[in-house]
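Shown below, as structure tokens, is a lone chain in the form predicted alone; questions about how it binds or moves come after it.
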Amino acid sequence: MVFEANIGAPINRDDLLEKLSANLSEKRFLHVQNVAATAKKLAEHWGYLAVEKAELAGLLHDYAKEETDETFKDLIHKYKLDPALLEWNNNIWHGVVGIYKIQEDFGITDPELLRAIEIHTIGSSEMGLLDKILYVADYIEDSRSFEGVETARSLAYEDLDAAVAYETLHTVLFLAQKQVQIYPQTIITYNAYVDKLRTKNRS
């Protein structure tokens, strides 16, 4: 199978899996395959026609997750990204900065695909269908076992906006309980989507 859906350079699926396997730990490699499978199911459920692109987004979303801090800092400088990014860490970098590594290594140019990967951990106040699919798929893939994941899985197939809201709410709560800083865009996502969850709960 070759991924060709307006992504720039065609990517052979088997070659991609081989590269991912070499670049990621066994646990992370299983995770990206699970996210790809979940993203494909969500795409089919919600009528996102570029199912192949959703699957590819799942496979690639954590491609840079295990890169070194120095790699990310070099990319921030190389592409003249917001210097404030230097104050964060891998949890933010592997999406927001990782897309530049993906472009370099795979020649991908598709803006929708890159955007979904860029914001898959932080969301946005304005998310397209692929953005939501990847954001939620990453949270509910089959190996996840935290408290509340079954609720998240149900919401994902009932109301995708409510699923985004649920995930964001619980991410904010988790980070607040750990008393760590929360990336500003995550708060923006929370503010944009929390009303959707409240509306869902009232209905």
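The first residue of the sequence shown is number 1, and the count goes up from there. Just so we're clear, the structure is a prediction, and the values are computed from it rather than from any experiment.
The form predicted in complex with a small molecule exists for this protein as well; it is not shown, and the discussion that follows is about that form.
Comment: 173 to 181 is the region of 37 to 45, 51 to 59, 173 to 181, 147 to 155 lying near the small molecule in the predicted complex, near meaning a non-hydrogen atom within 4.5 Å. Using a 4.5 angstroms heavy atom cutoff to the small molecule in the predicted complex, all of H31, N91 and H94 count as contacting. Among heavy atoms of S124, none comes within 4.5 Å of the small molecule in the predicted complex.
Residue contact with the small molecule in the predicted complex: N23 places no heavy atom within 4.5 Å of it.
The closest non-hydrogen atom of K132 lies beyond 4.5 Å of the small molecule in the predicted complex.
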